[in-house]
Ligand SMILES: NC(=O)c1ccc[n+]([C@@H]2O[C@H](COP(=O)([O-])OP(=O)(O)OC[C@H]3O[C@@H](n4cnc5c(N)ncnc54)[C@H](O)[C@@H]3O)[C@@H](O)[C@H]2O)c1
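Next up is one chain by itself, shown in structure tokens, the form predicted on its own.
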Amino acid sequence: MADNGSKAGGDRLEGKVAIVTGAARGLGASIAELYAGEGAKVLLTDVRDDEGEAVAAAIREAGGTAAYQHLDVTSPDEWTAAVERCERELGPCNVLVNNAFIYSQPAIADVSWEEWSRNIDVNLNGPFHGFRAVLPTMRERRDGTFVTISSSNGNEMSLPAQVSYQAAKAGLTAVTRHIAVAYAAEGIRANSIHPGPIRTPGLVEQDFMEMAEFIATGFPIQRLAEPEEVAWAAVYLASDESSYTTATELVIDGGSVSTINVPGKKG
């Protein structure tokens, strides 16, 4: 279970039923752990089935309520199956965390159509299918919260690479804001979290950890975020504490977008 000095184990999310995508590791796993620790029933979803099952089992062993479901977010049919299982075993979903994503480096002159399309399909179309899958129940019950994991890269700032990732995340932020405006009168809220780089296994797989750590020394808070530091914001946005918060873009980036970001340690 997550531990960054703060402890889950309260009731901030009592009565909530959440679906968390990309929950097998990293930020998604931390969100699922904290949600369950705060009283939510959680359906973890991912394509990394062994890791996802292990996280769900650890949550149950710690006293939480969790199940795992394989979910390719680009498949509307798999979204339907996940939502149906959630309702059958845990209850109607009233919190959806769109966290699953993929990442690519090329600038626009170098990115292939296939890589561009795959990034848009997972990072933007995937959440679109998720929004559409859970909205009918949320509207019927007049109770729903969307927590979108966007990025400071593509919204508050841009880099000279990563064009498909940036485009997808900017679009995802816009769709989240649309939902907040379109369905507020029906008891539905939607907010996005915009993290900077987070210390996750994905950075290691992309062979980007060393560079990310170097870049982070140029931030006002001179380090990478730990997953739990972003996950606690997702707890707040899913809780009734944020009942007057919608269409908000919460930046959690160590202050990087508020200063001239020259890589390398300052001072």
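In case it trips you up, residue 1 is the first one in the sequence shown, and so on. None of the values given here were measured: they were computed from a predicted structure.
Beyond what is shown, the protein has a form predicted together with the ligand; the following relates to that form.
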Looking at 41-49, 213-221, 232-240, 57-65, which lies within 4.5 angstroms of the ligand in the predicted bound form, counting heavy atoms? 41-49
In the predicted bound form, does Phe146 come within 4.5 Å of the ligand, counting heavy atoms only? no
Please tell me whether any heavy atom belonging to Asp72 falls inside 4.5 Å of a heavy atom of the ligand, as the geometry stands in the predicted bound form. yes
So in the predicted bound form, does Ala133 come within 4.5 Å of the ligand, heavy atom to heavy atom? no
Is the gap between Arg85 and the ligand in the predicted bound form 4.5 Å or less for some heavy atom pair? no
Interface check vs the ligand in the predicted bound form: of Ile102, Ala184, Ala174, Ala161, the one with a heavy atom inside 4.5 Å is Ile102
Sequence order please: the residues of 124-139 with a heavy atom within 4.5 Å of the ligand in the predicted bound form. none
